[in-house]
Every structure is written in C-alpha cells, then in structure tokens.
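Below: one protein chain in two forms, given as structure tokens, structure 1 then structure 2.
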Structure 1
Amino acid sequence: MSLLEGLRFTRGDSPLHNMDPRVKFLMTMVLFTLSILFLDLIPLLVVFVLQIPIVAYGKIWREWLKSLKGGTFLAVIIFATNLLSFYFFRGMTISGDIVEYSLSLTLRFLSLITSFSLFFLTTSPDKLSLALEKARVPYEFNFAFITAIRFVPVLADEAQTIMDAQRSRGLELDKGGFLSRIRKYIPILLPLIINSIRRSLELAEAMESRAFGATKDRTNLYELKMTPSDYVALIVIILAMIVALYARFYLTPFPKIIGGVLFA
C-alpha cells in the first residue's frame, strides 16, 4: 500500500507546496510527456534525475521514497517480463540492447510515479478543486474527482488495518503458492468493498442533507493568484519542454550504454 502514499497530500511550507497548482499540474504533465516521449535509457535517466532536486525543493523525501518502495515490486515485474519475453522470442539470447530496453521501461515507470507524486504530495485537494474550477470543469465532475483522491489514502489505510486484523487471527498472506495467496486476499477484499459501499451511502446522504447542487452560484473562501515565482517556474517549464522536444526529434538516436551479446 506504500505506492498509494504518493497520492496522499502532506502539509508543508516549502516553495513547491506554495506553488500555484496550475503551474504544478503543467510541470507534472511535462514530466509525464517526457517520460512517454523518450524510449532510450540516457534521456529517461536525465528526466528521472532532474526530478530529484524538485523532490528536495518540496521537502518530501520520505513520502517519495515510500512511493518508490511501493512501486519496486511492479518495476521488477516490468524488467523481468520484458527481459524474459525478448529472451524467448529472439533466439534465446540476451544482448545489451535488450537489457537497456528493459531498464528503460522500468525507469519510465519510476519516472511516472515520481512525476505524479510531486503533484499529489504537495497539492491539497482544496487548491486542486479551485484549479479545476478555474479551468471551467463542471463542478459535479470536479467534486467526484476530488472525492476519489481524498478516499484513495483512506482506503489504503483501511486495507492495511484489515490485513493486520486478519494476520492477528492467523491468516498468513505471505505463504503458499500464487493461487493460494490470491484466495487468502478474499477475506480482505470483502470487508473493504462493504465498507466502501457503506461510506459512499453515508456521503450521498450527507450531500442530500446539505442540498448539493441546489444553486449554481458557488463562492470560495480562497482564490488562486499567480505570483512572480509562479511565472518564473512557468517559463522554465516551457523552455524545458522545448529543449526536450528538440532533443527528441533532432538529436536522436542517443548512444547506447550497454552493448554486445551478454548471454546466449
């Protein structure tokens, strides 16, 4: 469940926390686009490394490392699956190109985790809701999206609580074969689904009691305002995107780090 820690907002007073959510969202989209745009190991490594100073800028080292720890298992699966598939379908040989391609896909996954963690760890749901309203997103969709973000960490905590309770009753989740482990998770999923349905009904009743949607003229306690530092960050993000697009279409192909046949 530590992967979901990347969606949990943590309060802080860093410059990244105070940045306008619209600028942060653009930064996240640029990092996401760069991670998808490149398939070579060197540019993906550059994208991943460039995100580390931003993590330090936002003072979210612990939460970021938790999200990476949660994604390690999936990263290993991505690397092993690609390596084995190329091994069996390309003449039973493992070359440096295959290893580098598998590493690239794994690093892309970690870069995507980091890019979204930078946004969700430092952006409160309230500010995100204001940003969506400024973008003319209908409030019904806005409310549904923000509610889902708020409940993801809650469901993660509840799932962990249920797992601990089942372990205290003798349920061994880490033993047995693959199918056996899947069956052992049924006593965890059932109460989690039931509690989620119960929580959604309580939320619907609370919304009805407060006359949700009765008026279209909504007001907010706070308003988003761009600061000079936000404009500077916006310019840097746009320039970084232009440089990356130039590198992608005019500087390819990038040199390989690993070469030759490693195993045959």
Structure 2
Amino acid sequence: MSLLEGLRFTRGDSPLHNMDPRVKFLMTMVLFTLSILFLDLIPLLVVFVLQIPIVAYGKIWREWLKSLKGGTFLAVIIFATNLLSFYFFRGMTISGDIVEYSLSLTLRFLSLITSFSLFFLTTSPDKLSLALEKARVPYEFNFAFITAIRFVPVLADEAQTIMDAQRSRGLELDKGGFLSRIRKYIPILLPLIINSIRRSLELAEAMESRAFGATKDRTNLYELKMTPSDYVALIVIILAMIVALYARFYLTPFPKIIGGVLFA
C-alpha cells in the first residue's frame, strides 16, 4: 500500500503545483513513453536523472523518496527475477549484459513511478477534474471520480472500525485454512457493503438538496488558464520528446556500461 501512499496528493506551492494540469499530464505521458521506449541502461539513466530536477522544481523530495521506498520491494523483485531467469535459461552464466539488462528494467520501473509521482503528487484532484471537464468529459463521470477520491479515506476508516468491532467479538482473521479465512471476511464485508448502500442513498438525498442537476450549464469555481510559463513548459516537453525520439531511432545501438562474463 505504501507505493500508493506515495502517490497521494499533498498540498504545496511550487511552480510544478501551479502548472496547468493538461501540460503536466502531457509531461508525465512523455516521460512514461520515454521510459517504455528505451531498453538500454544509458538512455534510461538519462531519463531518470532528468526527472530529478523536476522533482526539485516541485519541492516534493520527501514524497518522491517515500514512493521510491514503497517501490523498492517490487524493484528488487524485478531485478532478481530477470537475473535469475536469464541465469537459468542462458546456460547458467551471468554476463555483464544480463546484469545491465536487469538493471535497466529496474530503472525503467523506478522511472515510471517517478513520472506518475510528478503528476499525482502535485495535482489536486479538483484541478484534475477541471481538466477532465475541459476535455468535455460528462460531469457525471467527473463527479463520480471526485466522490471516489473523497470517500477513500472515509471508507478506509469505516473498514477499520468494522474490523475492530468484529475482532472485539472474537473474530480471528489470521486463523484457520485458506477457505475458512475467506469465510471470515463475510462479517466484515457485509456491514461494509450495507453501509455503502445506505451511504449512497444519503449522498443522493444530500445532492438533491444542493440542487444537483438544476441546470445543464454548470459553472465551476475554478478556472484553467494557460500562463506564459505553461507555454514555455509545453515547448520544452515537445522538444525533449523530439530529441528523445531522434536518439531512439537514429543513435542506436547505445554503448553498454558493463561488459564481459562476470560469473559462470
């Protein structure tokens, strides 16, 4: 869960926080694409290192490190499974190539985490929903999206309370075989589901009482406006994309860092 924890938006004030969410989303998508596009260690290192100044720009060092930390376990698994599978399928040797390839896959994973962190850590869901609205996504979807985010902590609290209540009645979740353990979740899931149904009814009532659906021309408290710096960022992102594409298709193959047989 800590991996997702690292992706949670925390309010802050930085040029990255104030960047237009559409431009920022494009940036994340470009970083995402680049991480997928390259397979070699050197360009992936470049992509990864290039993100670090952006992290600094957004003043999200702590949150970013937290999400990296959350991703460490998976990163180690990615590295180990690649290394081992190559080891077993390629004649029980470990060459520099194999280590380098496993490393680049791991780095790609960390790069992906970073690119998403850059977006989600600095974009409030409200702004995100505004961007969706500008993209002409129907308001109902938008509302569902915001409501989902709004009620995640509420539901988590409720699930915890229900679990506590049933454990206080002697329910032992970690005892018994696989099937009986699954059965033990019924006393937790049922109240959770029933409460959610009840809650959705109450929510609907409250929405009606706040004039939901009164007019098709719904207004929004917030407004999206591209500033000059957003245009600058847009140009930089597009240029970076072009350079990277050029490198990918015309500068290959990239030199290797680690070579030779390390272990046989």
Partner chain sequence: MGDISVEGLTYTYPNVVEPALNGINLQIKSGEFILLTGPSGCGKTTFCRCLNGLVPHFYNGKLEGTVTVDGLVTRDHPTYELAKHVGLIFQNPDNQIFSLTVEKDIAFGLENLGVARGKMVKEIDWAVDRVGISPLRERGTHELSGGQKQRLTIASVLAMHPGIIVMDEPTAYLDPVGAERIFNILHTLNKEQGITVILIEHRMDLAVKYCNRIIVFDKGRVVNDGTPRAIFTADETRLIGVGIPRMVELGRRLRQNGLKIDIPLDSNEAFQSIATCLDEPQPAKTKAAFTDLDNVVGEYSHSPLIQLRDITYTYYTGVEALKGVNLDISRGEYVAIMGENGAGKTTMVKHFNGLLRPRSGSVVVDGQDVAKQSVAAMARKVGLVFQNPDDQLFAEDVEEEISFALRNFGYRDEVIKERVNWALNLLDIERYKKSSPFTLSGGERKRVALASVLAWDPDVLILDEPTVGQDYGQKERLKHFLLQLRTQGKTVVIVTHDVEFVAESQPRIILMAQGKIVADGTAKSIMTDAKNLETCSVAPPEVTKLFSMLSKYGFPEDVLDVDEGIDLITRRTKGRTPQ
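Note that this is a predicted model, so its numbers are computed, not measured. The term rigid core refers to the maximal set of C-alpha atoms that superpose within 1.5 Å between the two forms. The first residue in the sequence of structure 1 is number 1, and each one after it adds one.
- Two forms of the same chain are shown on their own. Structure 2 is the form predicted in complex with the partner chain.
- Regarding the hinge between rigid parts between structure 1 and structure 2, the matching entry from 124, 138, 74, 105 is 138.
- Of the two rigid parts of this chain, the smaller turns against the larger by 19 degrees between structure 1 and structure 2, per C-alpha superposition.
- With both forms fitted on their core, the C-alpha atom of residue 149 sits 4.7 Å from where it sits in the other form; this compares the forms between structure 1 and structure 2.
- Superposed on the core, the two forms differ at residue 216, whose C-alpha moves 3.7 Å between structure 1 and structure 2.
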